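Consider the single chain below, provided in structure tokens and representing the form predicted on its own.
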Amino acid sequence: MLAVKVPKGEAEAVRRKLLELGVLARGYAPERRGDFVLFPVTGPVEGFELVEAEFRKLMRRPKSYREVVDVPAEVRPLLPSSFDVIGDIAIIELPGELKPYGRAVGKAILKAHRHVRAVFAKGGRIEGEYRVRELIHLAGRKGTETIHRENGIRLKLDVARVYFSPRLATERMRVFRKARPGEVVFDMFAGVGPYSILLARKARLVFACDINPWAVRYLEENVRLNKVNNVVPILGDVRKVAGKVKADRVVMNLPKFADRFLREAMLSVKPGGVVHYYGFSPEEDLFSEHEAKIKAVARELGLAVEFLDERKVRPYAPRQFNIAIDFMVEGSPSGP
């Protein structure tokens, strides 16, 4: 193969020049020979010493695991187009027809994604008081602990013991941008602290509550990992904490059951404070049912609410969405 031979001290400048000229042969590794570097070229280049050489062909990393996965043609259309990556762990949802080929899928993901070190399949629905699901190991290392990076913070967690969704990173940043410096924040369902640790950058104090002892253990570790000193981890039922905390901003990231805790949220927010409420809704009626529940609880407590923002967060299931409602609470609670 034709090559340009240059002294190694000039190699980087010559490489850039060959790229500009459009003659650098792609897909091959340059060769070093003593004090010289050889670059493969597609044709003669004036002004350079030309020699014949053999080059090692570079292996192109596939853009998608679906390019390299070894499964029968009849199930190939069922391959998921996306999956979650938490730290260096990939978690994919496989339809029943693909489960016999789970190991092949896992190995293909490892091949296509250099930063992924372990692949698991979702084993069922998120269930139980701690909101966790069974995970089935497909490929790579078997450990389920990792460190996830998002929005400039690090979160250590065990994906088999705590609930965490990387798909909410944009929503967490949205709430952070709405927060004002010096606030007191109450994160009612804090998990390992993705909201709490991020909001601690602006807040005076963050009360972070969760009923899962594993989540609180990792939350405490993440407080140290991110060197924040204004987060107060609380292990326990948020119903026993409500009212003891008075916050400028309340985060209710428990979309399946948040409506059951509206009273606790309103008992914990200061007059003029903001509540970030999350729920699940059908596509044809995203907000009205949740609005009605919020208004009903406010009336019971003698409070007024003003809706500030309503939005789709992400698809949750076919024709179902995870939604967010931000509302302000006016007045002080009345009655028991």
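None of the values given here were measured: they were computed from a predicted structure. The first residue of the shown sequence is 1; numbering continues from there.
There is another form of this protein, the form predicted together with a small molecule, and it is not shown here; the text below is about that form.
Can you pick the stretch from 218-226, 249-257, 84-92, 108-116 whose heavy atoms fall within 4.5 Å of the small molecule in the predicted bound form? Contact-bearing stretch, as computed: 249-257.
For the three residues Phe189, Asn212 and Val238, verify that every one has a non-hydrogen atom within 4.5 Å of the small molecule in the predicted bound form; reply yes or no. All three within 4.5 Å in the predicted bound form.
Against the small molecule in the predicted bound form, would Phe120 count as a contact residue? Criterion: heavy atoms within 4.5 Å. Close contact is absent here: in the predicted bound form, Phe120 is far from the small molecule, nothing within 4.5 Å, heavy atoms only.
Using a 4.5 Å heavy atom cut-off, state whether Phe164 contacts the small molecule in the predicted bound form. Yes, contact at 4.5 Å.
For Arg131, is any heavy atom within 4.5 Å of the small molecule in the predicted bound form, or not? Contact with the small molecule, yes.
Proximity of His148 to the small molecule in the predicted bound form, heavy atoms at 4.5 Å: Residue-level check for His148: no, no contact with the small molecule.
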